[in-house]
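Only one chain is included here, represented as structure tokens and corresponding to the form predicted on its own.
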Amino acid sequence: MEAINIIKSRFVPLPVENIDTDQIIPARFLKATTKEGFGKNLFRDWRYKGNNENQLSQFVLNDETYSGEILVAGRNFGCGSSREHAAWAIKDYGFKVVVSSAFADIFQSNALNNGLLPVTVSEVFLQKIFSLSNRSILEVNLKEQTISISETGERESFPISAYKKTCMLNGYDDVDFLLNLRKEIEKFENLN
């Protein structure tokens, strides 16, 4: 996994509440077992007309004026089924951070396990972000656990478990974390 410390980027606003995992990546695209290639079908039914490649111009991911490594979404993001593919699709598309005022627990766990940082903010701060222009920059500082709006300097803290914070700062998955402790584990085993 890629280490994350500070992400400073424009953002893509998606002010829709209760976005479920089937909207993020429809079930018909879950046939692969590797993480690559899911980004092209991120929000597929919202991005394209029918089963063809005709983009729906009114959807934000099809609007060239929006770009960035941060997706900002409405409350209760990632609800629905527990498919890990939703985090894979968002990450494969190019997002490193998802900001919302609430995440479904399983989606949040899947995101953290796959190097995608879910940042939970207050509803008030979320609405401030949605009111910004498409040129605005957000800065997510994982070490400090803060998200700030570059234009105004406003910022808010966000929660994350100490373990997952350590993993994300170092680019570790769960196995990498254990391998990093190999010397300490061997030292402990040699005590007995």
Partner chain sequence: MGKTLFDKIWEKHVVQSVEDGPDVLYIDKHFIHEVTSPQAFAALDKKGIKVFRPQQVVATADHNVPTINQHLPISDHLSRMQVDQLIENCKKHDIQLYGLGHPYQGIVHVIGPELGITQPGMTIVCGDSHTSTHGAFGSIAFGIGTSEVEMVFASQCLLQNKPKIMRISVEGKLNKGVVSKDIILYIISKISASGATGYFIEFAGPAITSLSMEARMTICNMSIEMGARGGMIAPDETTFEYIKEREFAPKEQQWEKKIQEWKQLFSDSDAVFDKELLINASEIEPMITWGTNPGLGISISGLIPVAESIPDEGERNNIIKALHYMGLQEGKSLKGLAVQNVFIGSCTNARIEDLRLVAGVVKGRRKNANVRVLIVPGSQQVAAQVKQEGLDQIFWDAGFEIRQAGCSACLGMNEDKIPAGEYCISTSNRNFEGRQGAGARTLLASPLTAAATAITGVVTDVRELLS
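Residue numbers count along the first chain shown, from 1. From a predicted model like this one, the values you see are computed outputs, not experimental measurements. Each form is matched to the other, and the largest set of C-alpha atoms that superpose within 1.5 Å is called the rigid core.
Keep in mind the form predicted in complex with its partner chain is missing from the figure; the text below concerns it.
Review point. Which of 27-35, 147-155, 134-142, 64-72 has heavy atoms within 4.5 Å of its partner chain in the predicted complex?
Key: The contacting stretch is 27-35.
Check your understanding: Do residue 103 and its partner chain share at least one heavy atom pair within 4.5 Å in the predicted complex?
Key -> Result yes; residue 103 sits at the interface with its partner chain in the predicted complex.
Check your understanding: Using heavy atoms and a 4.5 Å limit, would one call residue 186 a contact residue for its partner chain in the predicted complex?
Key -> Yes, residue 186 sits close enough to its partner chain in the predicted complex that at least one of its heavy atoms falls within 4.5 Å.
Point to revise | Non-hydrogen atom contact residue 92 with its partner chain in the predicted complex at 4.5 angstroms | key: It does not: once its partner chain is placed as it appears in the predicted complex, residue 92 has no heavy atom within 4.5 Å of it.
Point to revise | Contact flag, residue 120 vs its partner chain in the predicted complex, heavy atom cut 4.5 Å | key: No, residue 120 is distant from the partner.
**Study point:** Residues of stretch 15-29 in contact with its partner chain in the predicted complex (4.5 Å, non-hydrogen atom)
**Key:** Heavy-atom contacts to its partner chain in the predicted complex: 16, 17, 18, 20, 22, 23, 27, 28.
Exercise for review: Align on the rigid core first; then say whether the Cα of residue 180 has moved by at least 2 Å between the shown form and the other one.
Suggested key: Yes; that C-alpha moves by at least 2 Å between the shown form and the other one.
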